[in-house]
Structure formats: C-alpha cells, structure tokens
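Here we start with a single chain on its own, the form predicted on its own, put down as structure tokens.
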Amino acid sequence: MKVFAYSYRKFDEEPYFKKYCEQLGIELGYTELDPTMETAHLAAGYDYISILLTRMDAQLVEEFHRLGVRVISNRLIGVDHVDVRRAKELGMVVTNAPYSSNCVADFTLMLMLMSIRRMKQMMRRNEMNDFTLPGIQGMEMRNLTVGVLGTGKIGRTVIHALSGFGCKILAYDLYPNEEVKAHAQYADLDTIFTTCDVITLHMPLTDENFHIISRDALAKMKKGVVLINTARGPLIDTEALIDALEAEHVGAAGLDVVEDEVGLYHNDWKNTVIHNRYIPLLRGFNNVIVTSHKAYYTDQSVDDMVRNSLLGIYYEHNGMENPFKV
C-alpha cells in the first residue's frame, strides 16, 4: 500500500509517519509542498494521498482522479477546504482525522479567560512599563452566562471544563446530547444571542451555518458580549464583527480562525503581503486576540492526526468499516 503525503512536516509529523507507516505496512512518499496543479504529478502511481489545510477545488480533485488517486485523506477534522461533492461524483473517498478534543477545549478556555480578564491590554501595557489599573478591570467566569454553539466532542469537552467555574451554561445543537444536560441547558439561538455574556463556537462549517454569527445575530447580543471562535472562520460574518467592535457593541473576541485563511496560516509571510484584510484589522483592536489556527496544536493532536489519516486509508484499502470516511 502506497501513500503520498503533501505538506509533510519533518519538524513534528515525521516521527509519527515513520511509526504508523511501519505498523500499517505503508510505503510512504512525501513532499513538503502543498498539493497544487503544479505538484499533483508527484502523486502519480499512488492510490492514496494525505493532505492538510490546502484548498482542493474541483479542478485539483479532478487532476488527482486522473492520476489514479482513490482516497483523499485529510489530516484534520474539517474538510470544508475540499470539494467533497466532486470527489464523490468521481468515485473518490474523502476521509478526515479526528484528534484529541482537549487540545481545542483547553485553548478555548484560555482565549475565554484572556478575553474576560483583558489580558491583551495588560500585556501591551506591561511591555511599556505601564502598570496602571484604569481600563483593565476584568470579569469573573462564575458571574457569566456562556453559550456553547455545537455540542459535538469538542463542544462537550468545553462544557465539562466550564462546569468547574460555576458559570451558567447554555448550549445549542441540532442534535442534543444527553451527556451535555448534566452541565448545561439546551436553548434556541435567539435565547443564547440575547442572554449570554460569552458565546463560543464549536461547529463544523456547512452551508446552513455559514455566517451563523451574522449582522442580525450580533445586533441581538448583549452589549459587551465576548465571542470565541476556535472552529471555522466563516461561521462569523467578519465585516459585521468589525463593525460591532468599532461600535463597542462586542466587548472582546478570541479568534483562532478567520475567514479566507486557507493557504495563509502556517506559512511565513513576514517579508511579503498578507492577502487577507481582516487579519491586520482584527489584530489592531486592543480587545481582540487573533491566533493563527493553532488551537489543535499539541503533541497528542499531531500523533492523532497522522495516525487517523493513515488509518482512514488503511481501512479503505482493506475494505474495512471506515469511521473516518466523510
């Protein structure tokens, strides 16, 4: 069984690729380059490819199909950067790689605490030896109502962690989970928008929830609301968020993801232009923390991502039930 890995990272992924390829009997080819029309030919002779966060549009999917690729295995949970519909039309299989929910949940709580305690302002002042108090008075979590949108594995882990702070927790999901009800109360979106002090997003990106945090939704929220997004950038209408921040309606935001980040994050742009106008705008606000899609990035998650990407291929190759098939 031969697998070709794109966007191969020697500095962190290589030990896990070596470990699991040996265990699963996989012959690995790889490149540190992303999959593009110019690099697709490198996968010629391989039935399976493993990718990261590079956009795979219909044209690129079709090119890999022409080269004989049968499975596109994504080393991430989300596959919104892949034209899954076109792949399925061509008879190709797309798989994903779930990883430890604790990594994103921990990061979410960190962004939440940093936001309600005004940590960005505090750190900026400290760098200039400004140790004054006005403008950095924070809030305590136990006094807040937190809304969690999406109660899948990560959302449930966030709720469990939040339960230790003593805050009131409201949850929203199309498919309520009994485990959640021990710590949170399910509510409709309007109730969450109008009553919550903090709202955190843990949904996959779909056509239905694109811009679920819309201009109308923001208008319903309490003045000073804190927004946290460690899921997918397009869940939030960024133009509307910027307007709400400028109007001082949104009190703070912690954003590990932004719109139009595909092909941008995890690359070095310090000597060139960032082709995303949202990032410098958002970073300019004292009350907005922008991290570059790194909530997932722990030793455990990298292990999980490589292993589950290869397992998804292994199961498909051997005609086994495949829990990673999208």
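Predicted model, so just to flag it, every value in this text is computed and none were measured. Start at 1 and count along the sequence shown; that's the residue number.
The next section is about a form of this same protein that is not shown, the form predicted in complex with nicotinamide-adenine-dinucleotide (NAD).
Only one segment in the set 146-154, 192-200, 128-136, 238-246 has any non-hydrogen atom within 4.5 angstroms of nicotinamide-adenine-dinucleotide (NAD) in the predicted bound form, and it is 146-154. Mapping the unseen interface onto this chain, L218 falls outside it, with no heavy atom inside 4.5 Å of nicotinamide-adenine-dinucleotide (NAD) in the predicted bound form. When nicotinamide-adenine-dinucleotide (NAD) is considered in the predicted bound form, D106 lies well away from it, no heavy atom lying within 4.5 Å. In the predicted bound form, nicotinamide-adenine-dinucleotide (NAD) lies within 4.5 Å of some heavy atom of L174. A residue is said to contact a partner when one of its heavy atoms sits within 4.5 Å of a partner heavy atom; S73 fails this definition for nicotinamide-adenine-dinucleotide (NAD) in the predicted bound form, lying far away. The candidate site formed by P204, A231 and V257 is fully in contact with nicotinamide-adenine-dinucleotide (NAD) in the predicted bound form, as each residue has a non-hydrogen atom within 4.5 angstroms of it. I77 is the sole member of I159, I77, V93, I213 with a non-hydrogen atom within 4.5 Å of nicotinamide-adenine-dinucleotide (NAD) in the predicted bound form. Contact with nicotinamide-adenine-dinucleotide (NAD) in the predicted bound form, defined as a heavy atom within 4.5 Å, holds for exactly one of A43, V288, A295, I279, namely A295.
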